[in-house]
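Just one chain follows, in the form predicted alone, and it is written as structure tokens.
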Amino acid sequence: MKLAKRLLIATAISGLFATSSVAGNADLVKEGEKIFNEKKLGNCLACHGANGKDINNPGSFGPKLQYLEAWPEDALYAKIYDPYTTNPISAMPAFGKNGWLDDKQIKALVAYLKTIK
């Protein structure tokens, strides 16, 4: 049952990026940066620093984000949507699965994360 659920999520997520790439869209990147930094939205900076980004007082609970430009967009989306599918003991919340971020917000966050070297 768990495998079927994971396959269903992976299939849905991979279809999200089949028609267009989120990387390179300046407005989307700007919105993603806002979500990354905004305490009432993603608040990613509470746990993560980011290589090559000027972030004031990032947290150190999560790993420093680096080389995300090399990650596939669907993998980043999946990690934000529900990190437990690839790491069942992750401390990162399931932002999409829990309804904290919607599809558009996650895509914007992915666009921003793809700018991290």
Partner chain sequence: MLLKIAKISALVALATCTLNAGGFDTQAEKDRTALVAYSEAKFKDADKNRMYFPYSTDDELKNNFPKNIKHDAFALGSYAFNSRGKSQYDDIKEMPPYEDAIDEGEELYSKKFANGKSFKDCFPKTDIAGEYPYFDDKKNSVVTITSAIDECLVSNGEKSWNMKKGKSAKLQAYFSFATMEAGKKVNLKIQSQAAADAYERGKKEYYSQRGYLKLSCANCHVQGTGQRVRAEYMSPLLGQTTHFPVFRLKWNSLGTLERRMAGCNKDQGENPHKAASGWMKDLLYFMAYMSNGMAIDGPDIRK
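Because the structure is a prediction, the values reported are computed rather than measured. Positions refer to the first chain, counted from 1.
The protein also exists as the form predicted together with the partner chain; that form is not presented, and the subsequent description refers to it.
- Using a 4.5 Å cutoff between non-hydrogen atoms, F61 counts as a contact of the partner chain in the predicted complex.
- For the chain shown alone, A91 is a contact residue for the partner chain in the predicted complex, at least one non-hydrogen atom being within 4.5 angstroms.
- Using a 4.5 Å cutoff between non-hydrogen atoms, Y67 does not count as a contact of the partner chain in the predicted complex.
- Using a 4.5 angstroms threshold between heavy atoms, E38 counts as touching the partner chain in the predicted complex.
- Not one of W71, Q105 and T115 comes within 4.5 Å of the partner chain in the predicted complex, counting any heavy atom.
- Contacts of stretch 82-117 with the partner chain in the predicted complex, defined by any heavy atom lying within 4.5 Å, are made by Y84, A91, P93, F95, N98, W100, listed in sequence order.
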